[in-house]
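This document starts with one chain, in the form predicted alone, laid out as structure tokens.
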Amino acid sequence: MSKRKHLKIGLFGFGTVGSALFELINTIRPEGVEIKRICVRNLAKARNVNAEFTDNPDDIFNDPEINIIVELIDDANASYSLITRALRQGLTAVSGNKKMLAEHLPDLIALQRETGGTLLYDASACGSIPVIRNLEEYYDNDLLISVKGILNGSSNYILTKIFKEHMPYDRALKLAQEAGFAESNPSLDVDGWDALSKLVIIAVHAFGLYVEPARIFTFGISRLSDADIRFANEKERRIKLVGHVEKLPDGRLCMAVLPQLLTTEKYIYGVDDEFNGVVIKGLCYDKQFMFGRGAGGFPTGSAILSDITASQYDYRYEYKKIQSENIPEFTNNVAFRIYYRYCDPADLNLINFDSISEKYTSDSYSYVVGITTLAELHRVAAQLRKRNVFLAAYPKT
């Protein structure tokens, strides 16, 4: 076993997660881990902690004692600049910025190989659930079939309030914001973009394939109406926002983020509040389920700390599947059943259905249940997001 390294951290960001990480380290005092300096945007802001702050990144990067960079800021461009600078200096870097990672992961992997720097980001995928490390270490073979789950704790908290407490969407969203699970502009969470970034990262570690986020159909819950909730209840189902990557029988890979109408038999049906739940399916082991908090400072901070302590033993991702000769091809040509609610009759013509098995029309709203493809939905995705429509995958079981 390699000797435990003493780490002196240069921390960027002292918001919800950064301050939680600081408190965790100062509470449990992990051996050989200390925060040397913290870089923030506003030095004048009152912070009742005993720490050395700066607003100049050079104060961290030029400090010879600092040997690990932890980046916990919400600006993806600034995050990329910090992480690439750390890697070019051959440092270990830890990031929780899933948007930055989803947009730049191939470049960051190449940069690690070029410079010898190390980048860890388990906290970026599912909060406290160590999905990436498990995909890297345990599921490091070709037996994997799919990874599916609730990847965003904020939207799941909102949906839980709606379906378990019969709360209106607007009130549930306000509660999520008050609890710190959703931002003042909640689009990243409720429109599926946060889950999309996580799905892109997961797919790289699960199947070795990087797919640009823009190629993946993404639709959220911001257009959810009372009619959609009533439909789900009548069918004895719940709506969950689900990220899904699956290897098809022909070897190709499909990916999507969209609401799903789930039955009680599904593992993630009962995942409530700000928790995440991930179902990993394999050729021989069928389904395995991982569950944990997916939102909040301390759950994410604990995952960041886990990456930090792993780096004490020079842990790094090996990216074995990226080097495989059997990397699958991405496709959107996958047919499946959806529920589609609309108000304007013209909106029905947006989507070409292969068949329609159920139809309802009223003065206030209408819906159909039919078969279409991810390719068809992706073709009109921008229009769907602008109109008063809602759709959800509607599997038969």
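Residue numbers run from 1 along the displayed sequence. Since we're looking at a predicted model, the values are computed, not measured.
The form predicted in complex with a further copy of the same chain is left out here; the points below concern that form.
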- Select from the listed residues 193, 317, 210, 231 the one whose heavy atoms reach within 4.5 Å of a further copy of the same chain in the predicted bound form. 317
- Given that a further copy of the same chain is left out here, which of 363, 58, 52, 31 has a heavy atom within 4.5 Å of it in the predicted bound form? 31
- Item | Interface membership of residue 24, a further copy of the same chain in the predicted bound form, 4.5 Å heavy atom rule | yes
- residue 134, heavy atom within 4.5 angstroms of a further copy of the same chain in the predicted bound form: yes
- Non-hydrogen atom contact residue 237 with a further copy of the same chain in the predicted bound form at 4.5 angstroms: no
- Evaluate residue 269 for contact with a further copy of the same chain in the predicted bound form, applying a 4.5 angstroms cut-off between non-hydrogen atoms, and reply yes or no. no
- Among 223 to 231, 301 to 309, 84 to 92, 245 to 253, the region lying within 4.5 Å of a further copy of the same chain in the predicted bound form by heavy atom distance: 301 to 309
- Message: Within 4.5 Å of a further copy of the same chain in the predicted bound form, counting any non-hydrogen atom, which residues from 225 to 239 show up?
- Response: none
